[in-house]
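There is one chain below, alone, in C-alpha cells, taken in the form predicted alone.
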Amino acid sequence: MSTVLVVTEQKYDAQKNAAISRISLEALAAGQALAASLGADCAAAVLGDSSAANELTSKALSRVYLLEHPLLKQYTPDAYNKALEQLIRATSPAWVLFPHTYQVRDFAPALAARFGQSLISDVIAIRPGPTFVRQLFQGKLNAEYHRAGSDSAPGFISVQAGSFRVEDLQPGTAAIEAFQVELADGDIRTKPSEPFRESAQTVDLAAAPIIVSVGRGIREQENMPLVESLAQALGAELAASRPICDAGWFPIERQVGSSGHTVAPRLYLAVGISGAIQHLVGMKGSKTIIAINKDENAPIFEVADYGVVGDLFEIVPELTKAINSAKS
C-alpha cells in the first residue's frame, strides 16, 4: 500500500519542552484526508526530539518515524534535507506533505529537487485526482496543480495554515519507529546560532480559538480600549489589519493578512475592517466570522457568516455589555 508522509515541526515552551506545532497537526489532518482519498496509509516524521514523537502515538497513523541525530537537534537545511532524503528513499512514499512555514520554505524546495520534483506550496485545498489548490495574486485567483514528472517519484506539497482543521485529525494508535540517519559534520555548510527569542508578550494567533480583530474603522488609537474590552469579555486574542499595525497601534505580530498571520479560529470578530483581499486571505478560513461595519457594501460581508451594519462605536459597547451580563 502506498503512503502519504507528513513531515512535522516542533515548538518549544519557555522550559524548552517540545510539542508538535499546531500547523503540523493541520498538515497531518490534510495528510490523513489525502491518504483516505487514495486508499493509502498516512505516516508522520519527527526530527530531533522523541518527546514530540510521543504526542503522535494517539493519532491514526501507520507509524511515526523518529529521526534522531546530534546534528538534527538544531535546524539546518543541509541536515534536514539529507536526513529526509534518506527516509524518503527508504520508505518510498507517494506524497510528502509539510506545514507551510518559514522553515519549510527554506529547505523543502531543495529536497523536492533531489527527486526531480517541484514543491507545490501553500496549498489551501486538496481535491480528487489528486488536485491541489493554491491562491495567486493575494487570493484573487485560485489555481489547480497536478504533480509533474515520473509517477515513481514522490510528490511534494505544503499546506497553508488554517486551511485544514486540527479537529478533523483522526485519533488512533501509532507506533514509533526509530530511523537511523547518516550525517557528518562535513555535510553541514551552515552553523546555526541560538534560536531567536521572541518577547514574552508575543502570542500565537494561529492557535487562538477566538480573535477580535480591528481595522481602520476604529479611527484613532485612543479608541482601542473599546475593542480591548470586547476581547476581554470574550476571552479572545486581539488582532488587527495592516494599517493598524503600520500605524504602530498594535505590534506587528498581531497582524492578520497576506503580510501577517493566517488564522482559522472558531470565532473571528472583525470590527471596523472593510475586508481588503490582503486581509481576507489571512482569516477567511475561520469557522465562524462576524463582521461589524457601517458600510453595507464592505467586502468583509462577502465572507462573513453574520454581519452587523452600523456604527461600531454604538454596537461594540452594547455587545460587550451584553456578553458581560450573560457571564454574570
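Heads up, when I say rigid core I mean the largest set of C-alphas that superpose within 1.5 Å between the two forms. Position 1 is the first residue in the sequence shown; the rest follow in order. From a predicted model like this one, the values you see are computed outputs, not experimental measurements.
The protein also exists as the form predicted together with a small molecule; that form is not presented, and the subsequent description refers to it.
Between the small molecule and the residues 77, 109, 243, 130, the one pair within 4.5 Å by heavy atoms in the predicted bound form involves 243. Scanning 99, 93, 215, 162 against the small molecule in the predicted bound form with a 4.5 Å heavy atom cut-off leaves one residue, 215. Taking the partner from elsewhere, residue 302 is found to have every heavy atom lying beyond 4.5 Å of the small molecule in the predicted bound form. The small molecule in the predicted bound form comes within 4.5 Å of a heavy atom belonging to residue 293. In the predicted bound form, no heavy atom of residue 54 sits within 4.5 Å of the small molecule. In the predicted bound form, none of the heavy atoms of residue 306 sits within 4.5 Å of a heavy atom of the small molecule. Listed stretches are 116 to 124, 99 to 107, 171 to 179, 203 to 211; the contact stretch with the small molecule in the predicted bound form is 99 to 107, by a heavy atom cutoff of 4.5 Å. Highlighted residues 257, 276 and 311: every one comes within 4.5 Å of the small molecule in the predicted bound form, counting any heavy atom. Superposition of the core reveals a Cα shift of 2 Å or more for residue 220 between this form and the one not shown. After superposing the rigid core, the C-alpha of residue 118 moves by less than 2 Å between this form and the one not shown. When two forms of a protein are overlaid on their rigid core, residues whose CA moves 2 Å or more are considered shifted, and residue 168 is not one of them between this form and the one not shown.
The pair residue 122 and residue 300 is at least 3 angstroms closer at the CA level in the predicted bound form than in the present model. With a change of no less than 3 Å, the CA-CA distance between residue 122 and residue 273 is smaller in the predicted bound form than in the form shown.
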